[in-house]
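Presented below, as structure tokens, is a lone chain in the form predicted alone.
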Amino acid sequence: MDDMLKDLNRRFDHAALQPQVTEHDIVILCREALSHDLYGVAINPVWVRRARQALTGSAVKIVSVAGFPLGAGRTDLKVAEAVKSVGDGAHEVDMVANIGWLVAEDFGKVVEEIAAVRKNLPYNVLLKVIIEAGKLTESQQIAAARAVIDGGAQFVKTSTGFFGAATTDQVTRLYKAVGGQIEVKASGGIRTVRQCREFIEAGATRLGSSASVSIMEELRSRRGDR
């Protein structure tokens, strides 16, 4: 297996963020993450406590969300959502930036909102910011990535997956824009090993996918594992 795919499992935030997700789905998600030694599970805030119970004693991280999926909520509510999730057991928070502000190029407001969330979280809780790159022009994507840095977050994330898939062009653009200051997470429509390789080559260090298990099974099949 090539080095690009080494430890691929440890790049996945295994996601179950759709509105119809049930407690049973969350239990299965956590079991899958444990079985495949995935990096984390990405879930809505209401399920964080249940995931914490299912993952007790394991290395699997819990990734919750704030302002998901639209990003159009009030800043104080995004802060509260993020803080409550961490209190319930989340190790990381993926917040959605205010996409309207990004489209209007009101980047100062975006920076202020990210900073408000960041300053209310413990230092060891990673904050990723979703910019919904498919809704932005190329120049807006670059400026959005800079705003994420200026707001103090640790990752810029391509998209929620609700409004279009991530592209390698987006990841390449964001990777160049952040210049190694923060990391890039690709999310949305990632369903094959080939896509994973392309996103990693483009600069993504984390991958968000609801198809993590089938991707790992595809990879093991290629390697001839049993």
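From a predicted model like this one, the values you see are computed outputs, not experimental measurements. Start at 1 and count along the sequence shown; that's the residue number.
The same protein has a further form, the form predicted together with another copy of the chain, not shown here; the description that follows concerns it.
Visitor: Between another copy of the chain and Gln18, Pro45 and Arg74, in the model of the complex, does every residue show a non-hydrogen atom at 4.5 Å or closer?
Guide: Yes, because Gln18, Pro45 and Arg74 each have a heavy atom that approaches another copy of the chain to within 4.5 Å in the model of the complex.
Visitor: So if I measure heavy atom distances to another copy of the chain in the model of the complex, which of the stretches 167-175, 64-72, 191-199, 51-59 falls within 4.5 Å?
Guide: Result of the contact check: 64-72.
Visitor: For Glu217, is any heavy atom within 4.5 Å of another copy of the chain in the model of the complex, or not?
Guide: Although another copy of the chain is absent here, Glu217 would stay clear of it in the model of the complex, with no heavy atoms inside 4.5 Å.
Visitor: Even though another copy of the chain is not shown here, does Ile99 get within 4.5 Å of it in the model of the complex, heavy atoms only?
Guide: Ile99 belongs to the contact set for another copy of the chain.
Visitor: Since only the chain is shown here, I'm wondering whether Ile142 would be in contact with another copy of the chain in the model of the complex (any heavy atom pair within 4.5 Å).
Guide: Judged by the heavy-atom cut-off of 4.5 Å, Ile142 is well away from another copy of the chain in the model of the complex.
Visitor: Would you classify Ala80 as touching another copy of the chain in the model of the complex, given a 4.5 Å non-hydrogen atom cut-off?
Guide: Output for Ala80 is yes: heavy atoms within 4.5 Å of another copy of the chain.
Visitor: Within 4.5 Å of another copy of the chain in the model of the complex, counting any non-hydrogen atom, which residues from 180-218 show up?
Guide: Read in sequence order, no residue approaches another copy of the chain (within 4.5 Å, in the model of the complex).
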